[in-house]
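Take a look at this single chain in structure tokens; it is the form predicted on its own.
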């Protein structure tokens, strides 16, 4: 990142990057520097970006294969690459707090890793903020790598070989009904409980709201371990809260970060963010 200015955001992870225009054509060395920064910092904020959907998708493709947005794919079979986070509709109107879509998006307020319920889960999410609320609407992040490194050695040894089932319906049905076709498109999948970054070798554990149970363990034992790991990772002192500004483009590494929305008053404020994701390289059991 020698050509960019880097400002750390949190002792564990995260950096604010200036000196680069993501909407402009980037050289391969610049793209490789961003890839290296993702592996190093896990979360990158590029403020003041003049983004468009076209530029956003072009940049996404520079980092890898765009991931199909799962809700539209599951309900209709149509492949689209963008999801809209917030309450602003395509015609410029808004949905309030009582609208079913707003209630459905409250599922984002649980700690999770994007697309962990897919056989090949997401590598990174890329989100650009167009409109942000005047109050609330932040996003909390924690590092599962730092959380793993804080674990006692015997607990690391216990979880290293385990596999965990991730289940979208298990998590989202806690806040709203899931469309039957969408649910059928996302059966539970097994992932490694501990994942290793291929570039730097750092380990992190892989849980969150979609993590349902440990393969081969009882439900009670599974929940006890998963809930304990989540509690250890999300101590207040380990959380970085990103207060979005219009023009922010934020990339986060779903392999090693959990995040959740902070909530906002959709009756009072407008929020519009556009998000793409880059698919992972392979199922985690093949890593």
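Numbering follows the first chain given and starts at 1. Please read all numbers here as calculations on a predicted model, not as lab measurements.
Below, we refer to the form predicted together with N-oxalylglycine, which is not included among the displayed structures.
Options 68-76, 162-170, 104-112, 189-197; stretch whose heavy atom lies within 4.5 Å of N-oxalylglycine in the predicted complex | Selected stretch: 104-112.
N-oxalylglycine in the predicted complex: within 4.5 Å of a heavy atom of each of 116, 210 and 229?
-> Negative, none of the three is within 4.5 Å.
Contact residue in the predicted complex, chosen from 85, 178, 214, 142 - any heavy atom within 4.5 Å of N-oxalylglycine = Filtering the options by heavy-atom distance leaves 85.
Please check if residue 260 has a heavy atom lying within 4.5 Å of any heavy atom of N-oxalylglycine in the predicted complex.
-> Contact with N-oxalylglycine, yes.
Are any of the heavy atoms in residue 278 no more than 4.5 Å from a heavy atom of N-oxalylglycine in the predicted complex?
-> Judged by the heavy-atom cut-off of 4.5 Å, residue 278 is well away from N-oxalylglycine in the predicted complex.
Evaluate residue 133 for contact with N-oxalylglycine in the predicted complex, applying a 4.5 angstroms cut-off between non-hydrogen atoms, and reply yes or no.
-> Heavy-atom contact with N-oxalylglycine at 4.5 Å: absent for residue 133.
Heavy atom of residue 273 within 4.5 Å of N-oxalylglycine in the predicted complex = The answer is yes: residue 273 has a heavy atom within 4.5 Å of N-oxalylglycine.
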